[in-house]
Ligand SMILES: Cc1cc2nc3c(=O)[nH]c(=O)nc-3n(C[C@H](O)[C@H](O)[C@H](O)COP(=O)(O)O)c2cc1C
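A single chain comes next, written as structure tokens; it is the form predicted on its own.
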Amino acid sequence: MKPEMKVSLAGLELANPILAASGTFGYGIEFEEIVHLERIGGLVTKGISMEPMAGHAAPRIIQTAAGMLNAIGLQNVGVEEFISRKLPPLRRYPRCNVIVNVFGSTVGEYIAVIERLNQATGISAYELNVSCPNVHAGGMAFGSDPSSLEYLVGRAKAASARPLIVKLSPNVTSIAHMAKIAADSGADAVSLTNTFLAISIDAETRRPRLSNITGGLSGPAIKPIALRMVYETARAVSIPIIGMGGITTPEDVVEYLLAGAAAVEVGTASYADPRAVERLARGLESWCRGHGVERVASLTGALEIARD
């Protein structure tokens, strides 16, 4: 029997729980010739700001022992070009949910981007990147300061005409606490985790390998930590969770679902295999069929813990 792969997420219906993560799948349309976009649950675009951004100087991506370190610097074309040039071709794939990642350095910039996107068609939801520095708070990231997060999410939710997903930073004392603040402030879902702040040094030159000195660590190295954070967050909030971090196999997806995620985002794996999201969607269906799982949604939060 063919398992039911559809899942619900913050009012959206996904063909399956597999989403392409922001920053690793371009604006989505670049992959249409190598990935059947309607065979995945959706995609999250590169972060979109009000004005175009050039990003950091090279080198800005390096390989690590079990993943990748990046400091792209949120390079993007800006909201106007995104709406006029990047978004229209995606409307050819109505079953693929397009989630737009939004960022800014002030609350006003976030709201301006959301209000402009509200006027466009072909968007399913917004993902709020709260790992950006709040220039009005001395550069502290919105996602690491409870009061800043509460204010930003509340304002963004009030401005948004679509479901609002808040992408949380793991670089905090308790991500579950920050998730609860986001939920209480109106978030329809949370996604976690963003990359872990890290550094790589060249012993021969005695210099950092990234031009920005530090960057974000992603890939298999972070999976056990990210998985634990999803597990803890699922016990703190009742809104849906999107899990991410080091997903390369169908079993990885199942682990995130069991920990409490309703869906997952696949990021770094797309660099090694541009078809990773479609491969994982097929693989997850095969896994469910082989394990007698009739509905993939039944795996969410189904972790069994032995009790003496």
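All residue numbers are counted from 1 along the displayed sequence. Predicted model, so just to flag it, every value in this text is computed and none were measured.
The following text describes the form predicted in complex with this ligand, which does not appear among the structures shown.
Residue in contact with this ligand in the model of the complex (any heavy atom within 4.5 Å), chosen from Ala183, Val172, Ala176, Ile72: Ile72.
Residues placing heavy atoms within 4.5 Å of this ligand in the model of the complex fall in a single listed stretch, namely 212-220, out of 212-220, 86-94, 157-165, 117-125.
Put simply, Gly245 is close to this ligand in the model of the complex: some heavy atom of it is within 4.5 Å. Contact check for Thr24: a non-hydrogen atom falls within 4.5 Å of this ligand in the model of the complex. For the chain shown alone, Phe31 is not a contact residue for this ligand in the model of the complex, no non-hydrogen atom being within 4.5 angstroms.
At a distance threshold of 4.5 angstroms between non-hydrogen atoms, Met68 is in contact with this ligand in the model of the complex. Highlighted residues Gly47, Thr195 and Tyr271: every one comes within 4.5 Å of this ligand in the model of the complex, counting any heavy atom. Taking a 4.5 Å heavy atom cutoff to this ligand in the model of the complex, the one contacting residue in 75-113 is Asn101.
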